[in-house]
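The data below hold one chain only, encoded as structure tokens and taken in the form predicted on its own.
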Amino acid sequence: MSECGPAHAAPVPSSPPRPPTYRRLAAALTLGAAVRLVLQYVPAVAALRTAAQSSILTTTPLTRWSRLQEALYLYDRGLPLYDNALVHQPPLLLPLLSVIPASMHPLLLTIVDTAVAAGLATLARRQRELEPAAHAPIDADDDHAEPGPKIQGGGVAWTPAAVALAYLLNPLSILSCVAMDAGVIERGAMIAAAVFASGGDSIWASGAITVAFQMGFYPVALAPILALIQRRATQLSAFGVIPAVIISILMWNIIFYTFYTNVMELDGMAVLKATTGFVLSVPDLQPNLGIFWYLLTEVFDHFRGFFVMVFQLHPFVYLAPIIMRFGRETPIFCLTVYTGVLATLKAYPTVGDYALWLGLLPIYANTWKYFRYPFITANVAVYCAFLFPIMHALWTRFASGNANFFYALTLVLVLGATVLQADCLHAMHVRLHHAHAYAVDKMHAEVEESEEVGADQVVEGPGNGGGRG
């Protein structure tokens, strides 16, 4: 019998097997990429691609791929890039795209979008280590539960692979990728910055957020949140991390503009005016999912500058309160909520911006049970998904409606998104409060128990001594 023991032992593998979590993540990424590639290249769905690429829901003047192709055409022929009103993308993408065949551009966006999902999975895995307060026990049953990588919420155990799959199979993210929305690159840079920050790498985090800033301006507001994420990862002081991140972003911008002027021989001020200046001044008022276009169309020109300033400052107003309440314990949660704020209040939003926000929400699925208005937000989502295409068609194709029909839906969408953001903040506040209250009660119970044990020992001590005397 003893000789048969080793015969049945499993052979020692030459390299350790990959954990099942990574296999599930690889399967999720493969599935999501396959769905996108089928929709990008199969001729049978060419009509869907054409409709998505021309829709105002999926692209904007800032992110439309046809305008990026125009910039690439001018760049390849050595013509001025920004002597027109069409090109508003930064030139940093042009050297890369010029060496990639046009037929491979959909594959490039698919790779970037798949990388976004992989970044979400990485954040979901690291979040449990960086934000223990978000998973602290709230009662005795929760205290005795087995710790693990799964986040229970909404009846689903959200592993990192499930978080990635939820983003990849979200119809909004699929539509954004099929529509060749250049905003995919901006969102990829935002998630890359968060991943680098969660790993404690401020240099590359600053570089990634600089790319996102040049693509769409608003991601620069994430700089203090990224600094707080890095602080949790490195245990450094916030007074040292935040200035370091800001200085790194400034240095990266200097590097990029030096490259534009000295290597690409462009006018730096023309680049700044056509990219960041375009976002800030909002000169193109084509309809989109935002609130800028209609109000700026109706307002008198004399007051336009004032309203543009107010609208542009509006998203930044919420940054300080969110950081002050949740930044110390849960900075990734601040990133999640503020991504939703930017998707709602930026000048040129698309469905892809909402897809990224919804992709971050499952990381905090354990707070969903504290939502107060999930029925309202779910109905608003269904309502908008069905009526946006209908109202746009009634307005532009059948001439049986007007801009008020479409803009009313954008207000409903903003209202629903605002309610969901308020629900997220309330849910995390309640969960942290319950966790802190349970920790205090548990500490008091332990102190009382130790005091009772000490009192019993004091009482038993003299009695035993007197008996022996």
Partner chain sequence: MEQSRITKKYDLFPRTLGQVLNRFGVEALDLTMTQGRWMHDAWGWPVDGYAAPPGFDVRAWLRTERRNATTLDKDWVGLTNALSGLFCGSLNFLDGTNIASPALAYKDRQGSSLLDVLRHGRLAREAVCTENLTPWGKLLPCSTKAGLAAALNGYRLFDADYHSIQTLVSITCASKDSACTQQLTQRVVAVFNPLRQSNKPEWSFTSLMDRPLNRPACALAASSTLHVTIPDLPAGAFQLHPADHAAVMINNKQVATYVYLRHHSLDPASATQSLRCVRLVFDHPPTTDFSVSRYLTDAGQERGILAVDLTNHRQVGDRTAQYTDVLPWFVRAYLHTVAYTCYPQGHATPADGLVEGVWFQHGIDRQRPTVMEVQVTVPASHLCTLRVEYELANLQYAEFRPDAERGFEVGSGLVTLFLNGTRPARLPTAIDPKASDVVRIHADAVQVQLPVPDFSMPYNVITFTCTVLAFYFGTMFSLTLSRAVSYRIDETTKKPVVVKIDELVWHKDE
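Numbering follows the first chain given and starts at 1. Everything quoted here is computed from the prediction, not taken from an experiment.
Unshown form predicted in complex with the partner chain; subsequent notes refer to it.
Candidate from R304, K369, R128, H105 lying within 4.5 Å of the partner chain in the predicted bound form - any heavy atom: After the contact test, the surviving option is R304.
Proximity to the partner chain in the predicted bound form, single hit among A27, A34, A403, A439 (heavy atom within 4.5 Å): Looking at A27, A34, A403, A439 one by one, just A403 meets the 4.5 Å heavy-atom criterion.
In the predicted bound form, Q69 touching the partner chain (heavy atom, 4.5 Å): Close contact exists here: in the predicted bound form, Q69 approaches the partner chain to within 4.5 Å, heavy atoms only.
Heavy atom of H135 within 4.5 Å of the partner chain in the predicted bound form: Result no; H135 lies far from the partner chain in the predicted bound form.
is_contact(F375, the partner chain) in the predicted bound form, heavy atom dist at most 4.5 Å: Outside the cut-off, so no.
Y318 within 4.5 Å of the partner chain in the predicted bound form, heavy atoms: Heavy-atom contact with the partner chain at 4.5 Å: present for Y318.
Interface stretch in the predicted bound form with the partner chain - options 307-315, 174-182, 253-261, 159-167, non-hydrogen atom within 4.5 Å: In the other structure, the partner sits against 307-315.
Members of 74-91 lying within 4.5 angstroms of the partner chain, judged by heavy atom, in the predicted bound form: Result: L74, L79, D83, N84, A85, L86.
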